[in-house]
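In structure tokens, one chain follows: the form predicted on its own.
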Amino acid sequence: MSVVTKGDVPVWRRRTTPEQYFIWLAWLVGTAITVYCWKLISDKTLWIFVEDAPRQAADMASRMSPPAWSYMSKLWIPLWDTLNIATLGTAISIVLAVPVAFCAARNTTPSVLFVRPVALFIIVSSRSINSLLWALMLVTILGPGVFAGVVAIGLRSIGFVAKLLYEAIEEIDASQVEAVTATGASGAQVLTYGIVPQVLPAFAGISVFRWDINIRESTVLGLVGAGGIGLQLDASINTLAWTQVSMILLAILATVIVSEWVSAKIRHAII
């Protein structure tokens, strides 16, 4: 904020003149970058396909309706497999993420110089690779099926759970830990009575939230052979059975809505 005078009257301004020029320059640079990026995208886009997209979408919608309601009888087992993939994968990730989180938090790590960087590397590595890529690699290693999907979800979720959990650990009230320590408690007792009670609500909320996300991610793992309802979706698309595809999409939508409702209720009850 600056003040200029017009005659003898002071006039308040939000920014000084150099600041205003800098803002204008930033807008100019941003606009130039946007125009350049749009040109690159435009040069590599076949606009004839874009212009024909509404007609193609309408044609596909007509092929997908009405959904093949009778096909739902064949989707219950794949849906159950999808729920198992998400649930077991989440459970595996929680078991592995807890020690990683405590090693990554500055106030609980055994070594800031050695252990913490390793824990942070594990977190970054897990979060950097999408669950679909994990599944693609694991199907090659373990073979197609639900087991590869469970491991893929678990490996993907370790980083998510551990990151949020170690941030919660670092934000705990240190005075409670000091109070427990002052009683002569051992390290395990300090952990049990001073740290765990403070992070337990956050831990429960993070776990349920990740389970909700994993249900959505596990629905597409079958596209690469990792089991679940994605296998049915891939088969229906390959055979151009569009009425079956619409039924599968509706089943996935209903499953996600129910899981969202359940996870919201659980988080509300916990937090």
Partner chain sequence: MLRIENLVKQYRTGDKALKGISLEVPVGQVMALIGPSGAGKSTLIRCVNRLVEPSSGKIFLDGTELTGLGIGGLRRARRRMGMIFQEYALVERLSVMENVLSGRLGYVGFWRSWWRRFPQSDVQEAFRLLERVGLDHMADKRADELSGGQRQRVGICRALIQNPSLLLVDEPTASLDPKTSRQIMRLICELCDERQLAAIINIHDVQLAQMFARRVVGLQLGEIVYDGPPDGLDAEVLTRIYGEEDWEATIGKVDAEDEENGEAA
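Positions refer to the first chain, counted from 1. Just so it is clear, the structure is predicted and the values come from calculations on it, not from any experiment.
If you look for the form predicted in complex with its partner chain, you will not find it shown, but the lines that follow are about it.
S.K.: On the criterion of a non-hydrogen atom at 4.5 angstroms or closer, are 99, 115 and 125 all touching its partner chain in the predicted complex?
M.R.: No, none of 99, 115 and 125 comes within 4.5 Å of its partner chain in the predicted complex.
S.K.: Only one of 192, 130, 140, 87 gets a heavy atom within 4.5 Å of its partner chain in the predicted complex. Which one?
M.R.: Checked against the cut-off, the match is 192.
S.K.: Have a look at 107-115, 89-97, 140-148, 195-203 and name the one stretch with heavy atoms inside 4.5 Å of its partner chain in the predicted complex.
M.R.: Result of the contact check: 195-203.
S.K.: Using the partner position in the predicted complex, report whether residue 182 sits within 4.5 Å of its partner chain, counting heavy atoms only.
M.R.: The answer is yes: residue 182 has a heavy atom within 4.5 Å of its partner chain.
S.K.: Although its partner chain is absent from this view, report whether residue 77 comes within 4.5 Å of it in the predicted complex, heavy atoms only.
M.R.: Residue 77: no, not in contact with its partner chain in the predicted complex.
S.K.: Contact between residue 73 and its partner chain in the predicted complex at 4.5 Å, heavy atoms?
M.R.: Heavy-atom contact with its partner chain at 4.5 Å: absent for residue 73.
S.K.: So which residues in 163-179, when you check its partner chain in the predicted complex, have a heavy atom no farther than 4.5 Å from it?
M.R.: Counting only heavy atoms within 4.5 Å of its partner chain in the predicted complex, the contacting residues of 163-179 are 175, 176, 178, 179.
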